[in-house]
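This document contains two forms of one protein chain, each encoded as structure tokens and listed individually as structure 1 and structure 2.
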Structure 1
Amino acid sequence: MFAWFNETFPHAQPLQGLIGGIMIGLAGSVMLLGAGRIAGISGMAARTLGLTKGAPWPLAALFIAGIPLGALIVAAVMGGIPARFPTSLTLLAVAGVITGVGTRLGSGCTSGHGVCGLSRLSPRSIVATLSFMGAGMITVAIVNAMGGGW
């Protein structure tokens, strides 16, 4: 079974994924139980930029600042985690804009709906998360069919 997994997902890092998932769940729990807020990154980013109202600005700004800070801590402790991105900066920018528009249309992103919403059994979050996952799978299949090699 491990041979199949390693051949199918040669770049997978399940231990790092597990640790990251635990940390995201812990952050979402602390935010909900400690501040009574859903830890949606797109909502916090929008609040930090003054685009929406909601969480107190210092809380939102600290939450957003903690994301790259956490990555720096992980890089310092583990020596960094290799990541692969499309080589085209234009493609990366277009994908970011599409993601941003999608999170506004869906009233949240994968962290808010997928982590916090699913754990609360929110019907809206279940539909949103299924939509995110389905769109992601279709996108990867299309890109692979076009020779993208993801």
Structure 2
Amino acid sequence: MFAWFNETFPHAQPLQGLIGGIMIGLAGSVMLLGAGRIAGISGMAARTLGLTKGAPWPLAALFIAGIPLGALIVAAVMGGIPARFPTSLTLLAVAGVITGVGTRLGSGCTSGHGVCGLSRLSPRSIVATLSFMGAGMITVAIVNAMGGGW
């Protein structure tokens, strides 16, 4: 079973994924059971900018500030985090603007709708998740068909 998986998906890191996912789930649980709110990153980022009402500002701002710090701690322990970024800053800027508008229009992203909403069996979040996963898959297929893009 494991041999089959490793042969079929040689680049996958299922164990690291699962452990990281459990920590993300714990992050969402602390936010829900401690502060009574959804740990949605796009929503908390918008709140930190003062674009929405909702969560108390220090809660949202410290949540957002904690994310790069948490990654920094892991990087210090593990000796770095591998990352292959797109080289085009124009592409990153365009992708960023689209992500910003899309997450506000659709009221959430992979954390709020994906993690918190799916686990709550929220019909809205299930629809939103299918929508962004589908659109993401179609986008990657089109970009690849056009010659890679990165």
Partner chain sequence: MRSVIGLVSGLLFGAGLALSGMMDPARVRGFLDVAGNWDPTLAFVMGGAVMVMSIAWLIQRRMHSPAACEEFSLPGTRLIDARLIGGGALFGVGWGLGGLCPGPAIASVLFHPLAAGTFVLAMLAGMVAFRIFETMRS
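Numbering runs along the sequence of structure 1, starting at 1. This one's a predicted model, so the numbers in the text were calculated from it and none came from an experiment. For clarity, a rigid core is taken as the largest C-alpha set superposing within 1.5 Å between two forms.
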| message | Between the two structures, is it 1 or 2 that corresponds to the form predicted on its own? | response | 1
| said: Leu130: after superposing the rigid core, is there a C-alpha shift of 2 Å or more between structure 1 and structure 2? | reply: no
| After superposition on the rigid core, does the Cα atom of Ala12 shift by at least 2 Å between structure 1 and structure 2? | yes
